[in-house]
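Take a look at this one chain, the form predicted alone, written out in structure tokens.
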């Protein structure tokens, strides 16, 4: 049986929950011929990448999908590209604030996702769930993680394909922020399972 490593970030930024992690926990453990290995990831620069790369070595997955929260987005958004920079005003969960720091000093400026993001979008839209490609994963820990994963895969496990998917807030997070878009958790789970079933 082939294996997918599916990761979700812990809560951050003062939030009690992270829809990425909640969705990962709710995804089926087996989809088609794929065994789903689930992993919680810290919202900490470099540590996030270390945790996932160690899991790559241990689990020997055929593919990796990392899930993160993008508050303010109104759709599930597979990321097309990761860039080699850490730069955000918000601290990570270890209190670090990064400014113009390279993720990998000897790495390329960017990596493209190696899983089919356009096919992912089509699979989710066919479920009548809002979904579109994103061309920026930002410069916070989400971007740092998928850059680390793609860099490690390129050097050590070139057969392993990977991508990052951002998901919106869930309604429980926006009760006091009615202007903030959200998507029910069950729809996020349905979107992730559709991506796994149709694109892997």
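Numbering follows the first chain given and starts at 1. Remember, it's a predicted structure, so these values are computed and weren't measured experimentally.
This protein has a second form, the form predicted in complex with a small molecule, left out of what is shown; the following refers to that one.
(request) Report yes if any heavy atom of residue 182 sits within 4.5 Å of a heavy atom of the small molecule in the predicted complex; otherwise report no. (result) Answer no; every heavy atom of residue 182 is more than 4.5 Å from the small molecule in the predicted complex.
(request) With heavy atoms only and a cut-off of 4.5 Å, decide whether residue 142 touches the small molecule in the predicted complex. (result) Yes, contact at 4.5 Å.
(request) May I ask you to state whether residue 166 is within 4.5 Å of the small molecule in the predicted complex, using heavy atom distances? (result) Although the small molecule is absent here, residue 166 would touch it in the predicted complex, with heavy atoms inside 4.5 Å.
(message) Although the partner isn't part of this model, could you tell me whether residue 43 comes within 4.5 Å of the small molecule in the predicted complex, counting any heavy atom of the residue?
(response) Result yes; residue 43 sits at the interface with the small molecule in the predicted complex.
(request) Pick the stretch from 68-76, 125-133, 111-119, 96-104 whose residues have a heavy atom within 4.5 Å of the small molecule in the predicted complex. (result) Correct option: 68-76.
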